[in-house]
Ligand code: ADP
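The chain below stands alone, shown as structure tokens; this is the form predicted alone.
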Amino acid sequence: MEITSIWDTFLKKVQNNLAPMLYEAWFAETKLITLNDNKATVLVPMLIHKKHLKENYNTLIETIFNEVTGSNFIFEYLTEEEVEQKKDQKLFFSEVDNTEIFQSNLNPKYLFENFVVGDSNKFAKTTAIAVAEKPGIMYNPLFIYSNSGLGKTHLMHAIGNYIIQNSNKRVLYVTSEQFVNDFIELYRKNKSDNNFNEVENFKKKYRDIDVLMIDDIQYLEIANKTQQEFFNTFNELHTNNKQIIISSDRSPDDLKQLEDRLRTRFTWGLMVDIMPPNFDLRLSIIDKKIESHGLSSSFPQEVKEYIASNCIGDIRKLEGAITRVVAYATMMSGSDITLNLATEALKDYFGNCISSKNNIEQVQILVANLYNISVDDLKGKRRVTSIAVPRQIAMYICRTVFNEPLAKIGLLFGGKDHTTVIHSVEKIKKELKKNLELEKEINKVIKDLK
């Protein structure tokens, strides 16, 4: 069993023995980096973790680790700074067999089981599971794109964790920034005549694997020399039926600074986009986050709805809002969580969420979420019913609820003529007289806006 799998299994057992908040605080960000004879070295995020784990959890750690490995180990806890201070890094790691120190860089917290599904991401999850079950066979490469904070990274880690748990395949997750940094370091050493080992190590890291996952590929646009190396890496892996998974904040067609031959290859497999979560999905995500922290009983429904209504573009902000409310209640001498308390705690937090948008932008975002389309669709010219009707609804709300000028509405909907706006408003008015379901949907958007 590789070192990452050992630690993943260990962490799951620890999680079953501790309250969620304690696990998150002391274990979630730890990583096993070496197993040498009878000593296990664990990377911890801060010095306080090192001290606390040694003084309060060492017996639990040794007991559970023995269950997983069948051997007794003495534990050493190091911060990243302490690891870097080792005089000879190669000596530090050389005593461990290469198969033992392979690092997947996967976060064991991100699993398919805790990925909350709704209409906006159902297809992405289903596809990800298919790839995880048959890596290198189903959809290669898999290209996942969406705005930041909508679950791309979670899905990538979930794929990797599933593969490791169910096979002996070697999985590597890196950001494009890490790939660039590794290549730049190699390029610098290339100035000497004796860098054969470094070149071999680079190729071994990125090509002697079964699954390569590159997150945020858009940052490769600014690294022209690195694009050539990634092209070579991609070709070798793909030729050998090794799975490639890529994420980006844009579709391949929109990555204009990448070489055409790279963008073409990204479309060989399957491209999947993740849309922003609608209100119901955001509420489900909040419920899941609260439940995982053991806080379900202390969070009123109106507080959850307040958070879901105000933060729509980034799932990470939902968890941040929950944490902020809990921390604020604690600082207020353990006050009960109420809507007033949450409003006070989050009054400056939603600056980058919907509250910072103008009225028309708010409407566009909420309507796009409700109908599982993009804001660009609303601004575009496509006239298919699935897009044209939401576009008319959005224009209707902008005009009747906010009394926005016809010219402004037309401009922010992709340069439409004011007569188009009038036609849309009148059409929805007529439809509302006979369509109760439409009235409910529009009232839902208006409620979220308020």
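These numbers were taken from a predicted model, which means no experiment stands behind them. All residue numbers are counted from 1 along the displayed sequence.
Below, we refer to the form predicted together with the ligand, which is not included among the displayed structures.
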Inset, instruction - Decide if the three candidate residues Asn278, Ala368 and Val375 all line the ligand in the predicted complex, where lining means a heavy atom within 4.5 Å. - result: no
Legend entry - Stretch from 230-238, 153-161, 327-335, 256-264 whose residues place a heavy atom within 4.5 Å of the ligand in the predicted complex: 153-161
Inset, instruction - Find out whether any non-hydrogen atom of Asn114 is located within 4.5 angstroms of the ligand in the predicted complex, and reply yes or no. - result: yes
Inset, instruction - Please check if Glu319 has a heavy atom lying within 4.5 Å of any heavy atom of the ligand in the predicted complex. - result: yes
Inset, instruction - Tell me, yes or no, whether Tyr110 is in contact with the ligand in the predicted complex, where a contact means a heavy atom of each within 4.5 Å. - result: yes
Inset, instruction - Indicate whether Ala132 is a 4.5 Å heavy atom neighbour of the ligand in the predicted complex. - result: no
Inset, instruction - State the residue from Ser104, Gln364, Ser146, Ser176 whose non-hydrogen atoms include one within 4.5 Å of the ligand in the predicted complex. - result: Ser146
Inset, instruction - Would you mind picking the one in Val272, Ala342, Cys311, Ile285 that has a heavy atom within 4.5 Å of the ligand in the predicted complex? - result: Ile285
